[in-house]
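Below you will find one chain, with nothing else, as structure tokens; this is the form predicted on its own, and questions on how it binds or moves follow later.
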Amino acid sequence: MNLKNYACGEWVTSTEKTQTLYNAINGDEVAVASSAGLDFALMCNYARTVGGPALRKMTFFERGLMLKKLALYLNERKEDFYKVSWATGATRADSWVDIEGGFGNLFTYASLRRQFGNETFCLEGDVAKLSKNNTFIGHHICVPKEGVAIHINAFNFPVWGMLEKIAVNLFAGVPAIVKPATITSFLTEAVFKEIIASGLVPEGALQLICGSANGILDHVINQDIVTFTGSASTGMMLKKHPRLLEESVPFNMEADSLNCCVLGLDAAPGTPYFDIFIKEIHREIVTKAGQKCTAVRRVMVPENFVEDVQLALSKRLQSTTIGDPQLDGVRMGALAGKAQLKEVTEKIAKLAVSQQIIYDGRDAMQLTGGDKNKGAFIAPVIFLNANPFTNIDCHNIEAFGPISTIMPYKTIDDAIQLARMGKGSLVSSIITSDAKIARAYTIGAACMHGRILILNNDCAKESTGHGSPMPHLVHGGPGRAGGGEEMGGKRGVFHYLQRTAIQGSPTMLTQVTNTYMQGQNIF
């Protein structure tokens, strides 16, 4: 099957065989992807001149209703997407996060229409009184940027990664070109086809590149926005593109990071908090086979609890069934492809130089279905780093799979320091019932994290977990995590709007904005 690109209002199939995509479970060929023949400059211009004007004519309320209808439309077809998702190596639970989690972003941003109102622009903040007699005032107006959002996405969430971004730019009134990671783009294409078939999105508002998008950044202009999700090294390379610098194009980077989870000093073995901790770590290791930008890579444990954690976690991992996600009882699927398997294996070897493997499921890995030789399967590997302040590879090297390192700490200040040694992370979590410990850790670690989850008995049942960013809250992080920020409810929308200070008389600004300003003399 040749994957199609959607460009300038047409489905385009390239006859040039650029990249073959394989089923992560059995190694069978799934599709062929190529972008040969696409004119990226023309695509960008089409978005700006056709999609942009159509979206900007719609009010926030109308755009929100569009997203709601689209979410409902896609949800009716979700079982078709689950069937395709299997080939990425994902279990049903993994795919639920990706597919229905993506729909959740559409629903969330649809609901924001009530906060923005039935207007094509919005005002932000309060009126500024600039004169003694209130004849001269100021305000801030936010209008959609008149460019295109170029989304360069990661392979691990081919649906959520697309929908969590386009939900925001479409609601803001800005068109987008979606570039999924090619290795899993066959799932993105399946969902994208239904989006176009729905007829709910204006022509030119969305375009898709399944093959390579090398060269597209050569055509960006100052009204455009570029977002990237993926490895820190690739993100840094893109961030330095001269065109981004010349045109002052906003570049939002969300990079994989060495996230950590901390067991509180009070959460001793035998307490419910210890059990919550083990369950959370296990879930982060096996979900998507550890292929999440938010996955727990570093596990920080009070030094006198290390052996208990090791035993409890190993026992739980040993009972985890690996194999074909279509079969009953399978809890963990495969990595996205052979290339990922090779990379993860190489990173494990690098980490093993400075720390000890205490659990290695690879040699005795028994699959329930799937092909051990042709598929991209790997079993969990757990390290112990007894000296994490001196052996620092675990704070620098990330194996993007079911791989984590346990490290001991003495005091909560030690845990904070270890957490910060990741040089910037998307998320950290701490399991504790002690508010003093929670406060100390949160305040001490917040500057180096985009999100912190404080988990205890009160919220454990309803918590979405360490690894799940929510559309209502910001997703991103400082330093290694990319320094970017996306989603966040209303905050995310403003990334696609131009904020402009406007000044004048209350009467004039009332007429310009169609919003009452105190002191206006219109009756």
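Because the structure is predicted, anything quoted here is derived from the model rather than measured. In case it trips you up, residue 1 is the first one in the sequence shown, and so on.
FYI, the form predicted in complex with a small molecule isn't displayed, but the following is about it.
J.: Pick from 77-85, 207-215, 324-332, 138-146: which stretch has a heavy atom within 4.5 Å of the small molecule in the predicted complex?
T.: Heavy atoms within 4.5 Å of the small molecule in the predicted complex occur in 207-215.
J.: Report whether the minimum heavy atom distance between residue 231 and the small molecule in the predicted complex is within 4.5 Å.
T.: Although the small molecule is absent here, residue 231 would touch it in the predicted complex, with heavy atoms inside 4.5 Å.
J.: In the predicted complex, does residue 379 come within 4.5 Å of the small molecule, counting heavy atoms only?
T.: Taking the distances in the predicted complex, the answer for residue 379 is no, it never comes within 4.5 Å of the small molecule.
J.: Find out whether any non-hydrogen atom of residue 94 is located within 4.5 angstroms of the small molecule in the predicted complex, and reply yes or no.
T.: The answer is no: residue 94 has no heavy atom within 4.5 Å of the small molecule.
J.: Is there any non-hydrogen atom of residue 56 lying within 4.5 Å of the small molecule in the predicted complex?
T.: Residue 56: no, not in contact with the small molecule in the predicted complex.
J.: Just to confirm, with a 4.5 Å cut-off on non-hydrogen atoms, which of 384, 348, 412, 181 contacts the small molecule in the predicted complex?
T.: Checking each option against the small molecule in the predicted complex, the one that comes within 4.5 Å is 181.
J.: Could you check which residue among 186, 274, 192, 400 gets a heavy atom within 4.5 Å of the small molecule in the predicted complex?
T.: By the 4.5 Å heavy-atom cutoff, the listed residue in contact is 400.
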